[in-house]
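Here's a solo chain for you in structure tokens, the form predicted on its own.
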Amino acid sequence: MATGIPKTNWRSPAATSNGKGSLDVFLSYDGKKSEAEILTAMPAKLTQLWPKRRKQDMDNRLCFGENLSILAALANDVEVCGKVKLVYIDPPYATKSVFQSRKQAEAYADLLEGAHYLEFLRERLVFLSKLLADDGSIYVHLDENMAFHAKAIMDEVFGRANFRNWITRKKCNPKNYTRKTYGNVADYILFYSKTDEYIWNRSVELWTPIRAAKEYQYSEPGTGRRFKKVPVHAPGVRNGETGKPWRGMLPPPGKHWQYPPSTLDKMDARGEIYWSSTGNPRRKIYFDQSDGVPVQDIWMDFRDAHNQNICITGYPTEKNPLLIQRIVEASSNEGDLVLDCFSGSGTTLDVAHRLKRRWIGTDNSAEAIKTTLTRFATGLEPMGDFVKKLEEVERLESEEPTLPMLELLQSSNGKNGNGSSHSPICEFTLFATEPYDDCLSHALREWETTRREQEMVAV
């Protein structure tokens, strides 16, 4: 393994003291505004559509309208500005396409490109940075069209030192391309924090018996505890205690002890050091002290809808709820405020609500708001042929149910994509920016009817 000078012992001549690091590389393009200019954007005036009177304890908000003006309004709201713990956004990807829902309704247009797209995104990132709490984080979900440009923009807005991860996600099954290129099965999530001190609940993948047996190969005599052996040294030269001899040995060239010799002595006394037949020390890591395998920056298990049994809303570019769940659990705690200003079908809002977070969502598409209201009221629907499935359910309901039959009945009767019963989400306020043309009136009537029906069922 190559060794190098630790970053704590080296400072670039261009390093700054503002906590963001030096920006010796940045994007320049026509129409790029200063942050001060961006922050002068006119705040939206919001009118409340539902319920008629806002309850004092109703923290959750769904806003219909252009999100820049809504973000400007939130920046003037003392209940929100500087208090958002997590932002997840899945903005347009600069695809130059118009997207439709499963019912062929126009959902949104993704027609910006180049400098226009970058400034569109940057303006919103500037406001999102202002809204974030000091211990907050932001995740921006993009594809290969603009992810690399967006990385430079986010370095500028949030600081290169606050970049945490470039996450690669497998978004779909392998493709059988006929053109001369590799199959495109990945998209990307840029993860930044507001400062060095940010909420972090480490994600782990649970151990499988096979993986655990392969990783933890040794059994401790006497206790039977399974363990693995890892080095007690790490790359980089140190001049302090960790660079001094321990038990008559110096750390290998170009390396240092992971702990001071006094700490290593205590670990050895507790039986936590394994000594090889040649006198080489290793540290024991016990299986029973591991919650799982720490998640890395390549995510393979969160594909978007890819078979006929998955439950969805039918809104275009809808993301896998389990993907959002990982992000919400890792970068927020119960009671925290989560914001998604490109909320689409409401996946982030739904997941945040069920994980007991407060939330704010915005979208400028009436179809998105209608889809979100339907999702809140009735949950998700199977992706496949609904008519045939319902006919099959009616037939099965007259028979004694077997396990496969029960699974089919559950998937078609108010069940969410994760297999749990749907519980309507009613604890929120719906706003629209003015002027409002009453385009959501039909959706609101449906929402009210469904809500009352569900309340009657609950009683």
Ligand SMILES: C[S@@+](CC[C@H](N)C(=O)[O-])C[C@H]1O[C@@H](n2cnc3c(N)ncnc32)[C@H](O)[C@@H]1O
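Quantities reported herein were computed from a predicted structural model and do not represent experimental measurements. One-based numbering along the sequence shown.
Another form, the form predicted together with the ligand, is not on view; read the next lines as being about it.
Participant: Answer with yes or no whether Y274 is in contact with the ligand in the predicted complex, where contact means some heavy atom within 4.5 Å.
Facilitator: Result no; Y274 lies far from the ligand in the predicted complex.
Participant: Quick one: is D350 in contact with the ligand in the predicted complex, heavy atoms, 4.5 Å cut-off?
Facilitator: D350: no, not in contact with the ligand in the predicted complex.
Participant: Please check if R124 has a heavy atom lying within 4.5 Å of any heavy atom of the ligand in the predicted complex.
Facilitator: It does: once the ligand is placed as it appears in the predicted complex, R124 has a heavy atom within 4.5 Å of it.
Participant: Applying a 4.5 Å heavy atom distance criterion, does E119 contact the ligand in the predicted complex?
Facilitator: Looking in the predicted complex, residue contacts with the ligand do not include E119, since no heavy atom lies within 4.5 Å.
Participant: Please tell me which of Y315, W257, W359, Y192 lies within 4.5 Å of the ligand in the predicted complex, judged by heavy atoms.
Facilitator: Among Y315, W257, W359, Y192, a heavy atom within 4.5 Å of the ligand in the predicted complex occurs only for Y315.
Participant: Of these, D90, D155, D187, D268, which has a heavy atom no more than 4.5 Å from the ligand in the predicted complex?
Facilitator: Looking at D90, D155, D187, D268 one by one, just D90 meets the 4.5 Å heavy-atom criterion.
Participant: Which is the contacting stretch out of 61-69, 45-53, 30-38, 426-434, given heavy atoms within 4.5 Å of the ligand in the predicted complex?
Facilitator: That would be 61-69.
Participant: Go through 339-359 residue by residue and record those having a heavy atom within 4.5 Å of the ligand in the predicted complex; state none if no residue qualifies.
Facilitator: If the 4.5 Å heavy-atom criterion is applied to the ligand in the predicted complex, 339-359 yields C341, F342, S343, G344, S345, G346, T347.
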